[in-house]
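Taking the form predicted alone, here's one chain by itself in structure tokens.
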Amino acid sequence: MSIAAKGKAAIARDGFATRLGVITATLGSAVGLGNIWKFPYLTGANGGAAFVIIYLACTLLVGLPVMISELVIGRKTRANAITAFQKLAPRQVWWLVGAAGVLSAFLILAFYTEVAAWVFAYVLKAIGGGILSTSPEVTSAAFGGLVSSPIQSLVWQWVVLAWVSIIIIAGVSKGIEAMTKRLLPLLFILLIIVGIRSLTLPGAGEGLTFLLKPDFSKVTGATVLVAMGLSFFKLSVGMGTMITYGSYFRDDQNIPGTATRVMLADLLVSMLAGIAIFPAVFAFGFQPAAGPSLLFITIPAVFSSMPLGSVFMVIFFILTAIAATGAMLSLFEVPVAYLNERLGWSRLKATLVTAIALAVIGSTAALSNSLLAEFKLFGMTMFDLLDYLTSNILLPVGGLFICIFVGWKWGFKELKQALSNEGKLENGGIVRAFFATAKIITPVLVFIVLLSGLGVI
């Protein structure tokens, strides 16, 4: 049987059942560890509120146009990331853009599941009191003990893969949509609870000022480059996720409106995370620019310093695990959708094969701080190499060619029909503004992100 014939044998195509489901699933994809972990520490390292303002501007010009482009391609074609381009540009090489997205999603999951594994492990450690210490030296040793243990690293990664696989097997509406509709509101509630507690601490005002009062004297060219890169990566674009999720959108969904709401809600989650973290960090004399260690080393010490800190630390790592779950679901769905539609595999088979492959490839990332610590390619551990290949090369290249496709290949007439829901929406001005941005401004900025990631600038 040919691939095309197998594809036709696939089960009936699922999709998001409600408008709320569309919003929560798409937001769940955008909201990830980047909001709870990366955004706060980059904000801390780049001058606080001034960085937030620059990041917002970059999001409007970089992240949002690519997101809208991917969503409209997905809904127009009702197909996975590779088949979508084959439908819009038959017998041309544009399908390679989709292939890069599928590869990116898979490779990102290979190391992202290990970071998520640390988060899930820390939920248990927080409950058991294993990281309850006000000393960064003690919390640092606890984190080092986790990542340097081959057994713990692998087992927790397998736990994460099993958790996500169960949801994916349930399907788009009954699995992804149903889960994100429950988890996202819980995420907001927990963030608000931790934020309120953080704001009541003595000296918390200094942290709030740091986050909300701009100091543009700290802004450099490097700051702008970091903000551009973050605006691109944090919305889950360039990796096939938004094309895949867009293919499950309802016909009456307002894509520009939905994407904008997701972007603003994503920023709100990041700001709530900052409000939860920085006042507490300042109140107990820790450094806001602690870098990636902020999540696993500084935060436990901060929460251990406050009354009932053990309770709030458990809440914090649970909400972090929720954020990681939403992002992993969208990444996992990319290769599963391809295997399901192109090869005609059931969701169960496609999910299990993807999970096993991730367990094999992901083990190299999981063991990068233990058994494979000395094994390096191009001077990087496997964890760092997977991160570098995706973040610095595959994602920017994918985002760049998606914009080129929408702006220069697909054309305004087809795009307007798709974004106006075949003329049902009166959004001509919005479509024209988006088209001009995606055709000229966004590709230039994404190319700069690519050059920056490669170390050229």
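All values reported here derive from a predicted model rather than from experimental measurement. When you see a residue number, it is the position in the sequence shown, counting from 1.
The form predicted in complex with a small molecule is left out here; the points below concern that form.
Colleague: Contact between Gly48 and the small molecule in the model of the complex at 4.5 Å, heavy atoms?
Modeller: Result no; Gly48 lies far from the small molecule in the model of the complex.
Colleague: Would you check, heavy atoms only and a 4.5 Å threshold, whether Asn35 touches the small molecule in the model of the complex?
Modeller: Output for Asn35 is yes: heavy atoms within 4.5 Å of the small molecule.
Colleague: Indicate whether Thr43 is a 4.5 Å heavy atom neighbour of the small molecule in the model of the complex.
Modeller: No, no contact at 4.5 Å.
Colleague: Spell out, yes or no, whether the shortest heavy atom distance between Ser29 and the small molecule in the model of the complex is within 4.5 Å.
Modeller: Contact with the small molecule, yes.
Colleague: Note which of Tyr112, Tyr122, Phe106, Trp156 lies within 4.5 Å of the small molecule in the model of the complex, where distance is taken over heavy atoms; exactly one does.
Modeller: Only one listed residue qualifies here, and that residue is Tyr112.
Colleague: Answer with one of Ser198, Ser330, Thr320, Ser247: the residue that has a non-hydrogen atom within 4.5 Å of the small molecule in the model of the complex.
Modeller: That would be Ser330.
Colleague: Can you say which of 206-214, 226-234, 132-140, 247-255 gets within 4.5 Å of the small molecule in the model of the complex, counting heavy atoms only?
Modeller: Only one stretch passes the 4.5 Å heavy-atom test: 226-234.
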